[in-house]
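Next up is one chain by itself, shown in structure tokens, the form predicted alone.
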Amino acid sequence: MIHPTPPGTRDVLPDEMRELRALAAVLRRAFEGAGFGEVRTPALEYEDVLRRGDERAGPPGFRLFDSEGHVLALRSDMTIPIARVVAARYSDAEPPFRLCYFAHAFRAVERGRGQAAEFLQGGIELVGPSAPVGDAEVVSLVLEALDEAGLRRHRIGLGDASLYPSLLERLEVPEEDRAPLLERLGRRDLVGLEERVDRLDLGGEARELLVTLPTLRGGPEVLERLSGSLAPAVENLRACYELLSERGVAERVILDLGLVLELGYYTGAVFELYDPAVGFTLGSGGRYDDLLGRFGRPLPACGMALHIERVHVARTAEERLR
């Protein structure tokens, strides 16, 4: 008789478990060697704490009640809990704060979609340094940590969460039409995005800009295509790219002007990690300068989380190719 596990969960057996622990140990040494101290937070948080961190998010995937009737939820990522920790436990300390973590996160999935409802994240959060200096530190450390973990083909997409919303505002797109456009952009549904743009009845130049911007990817030359009200986001990307060049990792960076992440707290640079050996992202992150202020201590911050099991699969796939 086979007793199934809940959708999106799985058992990990000893051979794979040893490899996952070894991979996490390499990443932990890289993070701690760069001055990032490891923290642990509860898997359960009060639901209103998670909502305070991201008001645009829907209901948590897993909710329950404690004995006093409070609504609890399993965390879906570590950024909001760490923002809470910094505001509460470091209220009188002087930044910067460099924190890392290795912890399970939980998200609801649809049966049969092959997505993980429980997964191990390893990541860093840098609180205090502003853009672009903090962004470059996070990106370069993650790329170097993955080098030490044995990956050779990984690349990181670098975009800006404020870019497309700024364009929508500049073109005076009605508020009620902006969220559907951003939702399709976040899913990389460029066909659906174009269909929604066509419903707006904009002029030819405005329509072309909304449809073309998400397709612009490459080196710093793609930034020359934008100007005007988009200049601040473009200048931050240009400055970040230059800092990454100085750190010797720019060859692994792809500027992606259509990159948008689903989490609502990102305010500036956003990152997404790829490896051509596999067909899925290995991690993501970005700048969230408004998040800590929601918990009582306004500070600039950015971070990035790696999906450890996916990194493990990518490393194995690279080894087979080699």
Partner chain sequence: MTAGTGLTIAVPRGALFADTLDLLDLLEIDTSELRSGDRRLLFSGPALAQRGIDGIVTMRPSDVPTYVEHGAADLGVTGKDVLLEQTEREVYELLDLGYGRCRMIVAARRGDDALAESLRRLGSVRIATKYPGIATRHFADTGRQAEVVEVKGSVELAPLTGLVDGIVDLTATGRTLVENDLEEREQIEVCTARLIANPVAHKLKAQAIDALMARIRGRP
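Residue numbers count along the first chain shown, from 1. Definition used throughout: the rigid core is the maximal C-alpha set that superposes within 1.5 Å between two forms. Note that the structure is predicted; figures quoted are calculated from it, not measured.
In what follows, reference is made to the form predicted together with the partner chain, a form of this protein that is not presented.
In summary, among the residues E194, E246, D177, E169, the only one with a non-hydrogen atom within 4.5 Å of the partner chain in the model of the complex is E194. Of the candidates R217, R225, R89, H104, R217 is the one whose heavy atoms come within 4.5 Å of the partner chain in the model of the complex; the others do not. In the model of the complex, none of the heavy atoms of R152 sits within 4.5 Å of a heavy atom of the partner chain. Remark: Y46 does not count among the residues lining the partner chain in the model of the complex, judged by a heavy atom distance of 4.5 Å or less. Residue contact check for R238: none of its heavy atoms lie within 4.5 Å of the partner chain in the model of the complex. Looking at Y274, you'd find a heavy atom of it within 4.5 angstroms of the partner chain in the model of the complex. Contact with the partner chain, judged by heavy atoms within 4.5 Å in the model of the complex, is confined among 66 to 74, 23 to 31, 49 to 57, 250 to 258 to 250 to 258. Looking at 276 to 314, the residues that come within 4.5 Å of the partner chain in the model of the complex, counting any heavy atom, are P276, V278, G279, F280, T281. Here V71 does not count as shifted, since its C-alpha moves by less than 2 Å between the shown form and the other one after the core is aligned.
In the core-superposed comparison between the shown form and the other one, the C-alpha atom of E195 has shifted by at least 2 angstroms.
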